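First comes one chain, alone, set out as C-alpha cells in the form predicted alone.
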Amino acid sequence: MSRDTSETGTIYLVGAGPGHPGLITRLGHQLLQDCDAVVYDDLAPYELVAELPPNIVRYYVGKRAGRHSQPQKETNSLLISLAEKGLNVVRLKGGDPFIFGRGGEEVTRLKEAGVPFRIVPGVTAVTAVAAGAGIPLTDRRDAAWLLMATGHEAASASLPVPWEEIAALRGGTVVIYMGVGALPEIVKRLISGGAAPDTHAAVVVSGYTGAQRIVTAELADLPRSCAEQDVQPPALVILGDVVKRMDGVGWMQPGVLAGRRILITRPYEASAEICGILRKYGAEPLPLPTIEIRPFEDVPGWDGFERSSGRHGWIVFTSRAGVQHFLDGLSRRGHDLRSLHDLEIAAVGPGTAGALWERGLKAGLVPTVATVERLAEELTAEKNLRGAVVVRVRGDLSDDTIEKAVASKGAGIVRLTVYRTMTPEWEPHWVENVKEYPPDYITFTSGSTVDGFVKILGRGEALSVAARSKVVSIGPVTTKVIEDYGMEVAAEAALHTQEGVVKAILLLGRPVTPV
C-alpha cells in the first residue's frame, strides 16, 4: 500500500484471530506488513504488533485497568483523521471485526465520513476456542444448531439477550462471549426459562493460548465452580451436550511451560524463531525488543574489504545480524559469494554458523565455547595469520578483542561495521504491563539487550521487574552485564544459542527430584 497524501487513505478492518498469532489470515498479515499505520486493541497478539517494520506507526486503543484507554468515539475519529492524511491503516481487532468486535459501528462512521474501507474477516473466538479445547460446536448426535450471544450487555447500547427464550431451545449449542462477570445472572435466567440444571457446561479461559484452562460443571454449578477457580476474562462459555464430547484432543494441549509469560528482548526480526519454540512448550512469548538493529553503511570498511580481494585470510562473524547485514551490503555493492573465495570463515557459535549455512556459507572455525574471547583464542592459536588479512564483520558496539588478538599475530585487519544498535521505544501500555505484571522469565541474549531493558524501564523499575521474574542469560558475557546492573541470573544457557536459552528455561521449570 503506497502512501498518497493527496487522496484519502483506506481503512482495513482486519480480524487478528484470538490468542495465537498464527490465526490471522494471509491477507490480513500481508496488509499489516504494507500499511502506514495500525490501530489495535487489547486482544491482538503481541507478536503481530511487535514484528511490524519500524516505519509503521502504531496506535493502541485497547483496555487498560478495566476501562477503555480511548472511547469508541475517539477511536472512530482517529481512523478518520489518519485516512484524511492519506494513510492506509489497518484497524487490527481480536477475533473477527464483525462478531462482537464493534466493527459495524466503525464502518458506519467511516461511511458517514466518506472514508474508503475494506473488511478482512478473522477467525472468531467461538470456533478457535472450541477447537483449542476439543469441543465440537455442532455434532449430528448432539447439536443441530449454534447460537452466539454476548454476556456483556451495555445498558444504553445493546439489545437485551432473551435468555429465557434461549433456555427453551433444545438440540443445539449456546456460546456466550464476555459472560464471566454476569454468569450468575445468566445462569439464573436460563434455568428459570426451562434450561435443565444439569446441562453440560464449560468455560474456556484464555482460549487458544498457552495459558488456556477449562472449567467444566453442570449449568447450575457453573458460577460457583468459576468463582472457586478464580476464572477471569477473557473466557468463553459453552453450553450444551457437545461439551461431553470434549476428550482432550484439542489443538492447545498443556505444555511444560503452560501459561508462562516469557519476555524476549531480541530484535524484532530475530524473535520469531524463539517465540515459535516457546509456544510449542505452551509458553506465551512477549516479544518486546530492547534493541533495534539498523543497517550501517561503512564506506571506508567496504573499501578496505574490496582492496583485500585476492588476499588469503579470514572473515569473522560474531552475530546473526552481522551475517545478514554483511550479505545484504555485499549485494547492494554489486558482489556475490564469489567475493569470499579467498577467505576462510569463522563464526562465534552455532547460532551464527547456522545463519551462515542458511545463506549458503559454511564456517570453517566455530569455537568450542561461543564467546568472542574463545574465538580469538582458537583463531590465533591454530592458524598462521602472519601476512593474512582478517575481515572483522561487526556492529557499532562490538569490542576490539578479535582485532587485537589477530594483530598481535601479524595479520592485517579490515574493520567492517555493517549494523548499528539502537534502543527502540516501547508502546506506553507495554511498559505499564511489564511493570504491573512482570513476566515469569526474562531472556537476555546480549549485553546490549540488557542495556536497552534498563534504559527503557529506568534502572529502578528494571531491577524491580527483574527481581520479580527469573532472568535467563545466553552466556557468560551477557551474565556479567546483567550482574553488573545488580540483577540476579537464575540460569545461564549451556549452549549459547536461542535453543540453549529455551533449554535453560525448561530446566528451571523442572521440579527437583528428591535424592
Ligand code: SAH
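From a predicted model like this one, the values you see are computed outputs, not experimental measurements. Numbers follow the displayed sequence, beginning with 1.
Here the subject shifts to the form predicted in complex with the ligand, a form of this protein not shown in this document.
The ligand in the predicted bound form comes within 4.5 Å of a heavy atom belonging to residue 178. Contact check for residue 240: every heavy atom lies farther than 4.5 Å from the ligand in the predicted bound form. Taking non-hydrogen atoms only, residue 291 never approaches the ligand to within 4.5 angstroms in the predicted bound form. Although the partner is absent here, residue 236 sits close enough that one of its heavy atoms falls within 4.5 Å of the ligand in the predicted bound form. In plain terms, the part of the chain that comes close to the ligand in the predicted bound form, with a heavy atom within 4.5 Å, is 203-211 out of 426-434, 339-347, 203-211, 223-231. Annotation: in the predicted bound form, residues 18, 95 and 100 each come within 4.5 Å of the ligand through at least one heavy atom.
Of the listed positions (124, 173, 318, 308), a single one reaches within 4.5 angstroms of the ligand by any non-hydrogen atom in the predicted bound form, namely 124. The contact with the ligand in the predicted bound form, taken as any heavy atom within 4.5 Å, belongs to 129 out of 264, 283, 129, 89.
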